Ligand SMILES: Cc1cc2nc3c(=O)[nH]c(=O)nc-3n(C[C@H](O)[C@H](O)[C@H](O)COP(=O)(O)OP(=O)(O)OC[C@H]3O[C@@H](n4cnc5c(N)ncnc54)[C@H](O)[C@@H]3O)c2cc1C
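In the form predicted alone, a lone chain appears below as structure tokens.
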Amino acid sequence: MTDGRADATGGTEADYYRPETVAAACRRLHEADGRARVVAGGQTLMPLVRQGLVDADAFVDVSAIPELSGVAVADDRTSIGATTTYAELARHDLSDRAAALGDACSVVADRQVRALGTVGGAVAHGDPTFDLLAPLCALAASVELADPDGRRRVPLGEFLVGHLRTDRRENELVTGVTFDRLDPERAGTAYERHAAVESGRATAGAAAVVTLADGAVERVRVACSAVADTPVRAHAVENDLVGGPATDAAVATASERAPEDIDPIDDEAGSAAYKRRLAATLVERSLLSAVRRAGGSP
């Protein structure tokens, strides 16, 4: 069903559409020629609309599109639909196998935001302080998009091009994220963050994905959030750990290199120097948890 009515989204006068297919949603976005906003849970967009920071001629509500909802785990690939909420993701078995996702979903804002806020909304907004982005970056996730001419898949690291800026075109719809399935016998993941008391937003966050082989680190990916314009991989930490022992000492030494790949700024959450120290601590904690969840004992 496609419905049009005014004043249905936070008291605005914009038109409101609620398509039931991806194709119909893409047509609405194309017809609006950049003047329509995509909404599902509304936990990010609607506060901005009410504050007058975002305007639009139309809203395309994608929450009734079945294709965009839920988690699918295949033999070698995992997919999360764009309208899957934080709460749904936290309850899914996937958050046991990729625990960093559950860690992140459990600390997002409050119960209302977790019940209504969506994975697609977090990805499409591109806010580097959003908790879910660092785990997805560490999982080497890709973003799936659709427009009237077809579909494409973009690595998350290429999709997030700057602070609140993404590679999404005006007539494109984020349909979900996808990443390689982890080996449940040898891989572990974790997310750690520190948040400002007043805002609840992450001052810094770190996610780790570790795969072990005979007590050594076979593969490792570490991503930091809220310490640069986009979530960033801590390559210096990864390079220090891979191929070496998965020990407490090795993790501590490698984590000290976390500041080499981040670029925090001074703001109300803290100084850049403080965030560099904080990031190193959070990287160490996330790595230790990930190693334990992979079956190691640092």
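Not measured: the values here are computed from a predicted model. Quick note: we count residues from 1 along the sequence shown, nothing fancier.
Only in words, not in the display: the form predicted together with the ligand, which the text now covers.
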Inset, instruction - Report whether the minimum heavy atom distance between Thr118 and the ligand in the predicted bound form is within 4.5 Å. - result: yes
Legend entry - Distance check, Pro259 to the ligand in the predicted bound form, heavy atom within 4.5 Å: no
Inset, instruction - Decide whether Leu136 counts as a contact residue for the ligand in the predicted bound form under a heavy atom distance cut-off of 4.5 Å. - result: no
Inset, instruction - Although the ligand is absent from this view, report whether Gly270 comes within 4.5 Å of it in the predicted bound form, heavy atoms only. - result: no
Inset, instruction - Let me know the one among Ala228, Leu182, Val113, Leu94 whose heavy atoms come within 4.5 Å of the ligand in the predicted bound form, would you? - result: Val113
Inset, instruction - Heavy atom within 4.5 Å of the ligand in the predicted bound form: which of Val222, Val174, Ala98, Ala204 fits that? Just give me the one. - result: Val174
Inset, instruction - Name the stretch: of 211 to 219, 70 to 78, 147 to 155, 195 to 203, exactly one has residues whose heavy atoms fall within 4.5 Å of the ligand in the predicted bound form. - result: 195 to 203
Legend entry - Neighbours of the ligand in the predicted bound form among 223 to 243 [non-hydrogen atom within 4.5 angstroms]: none
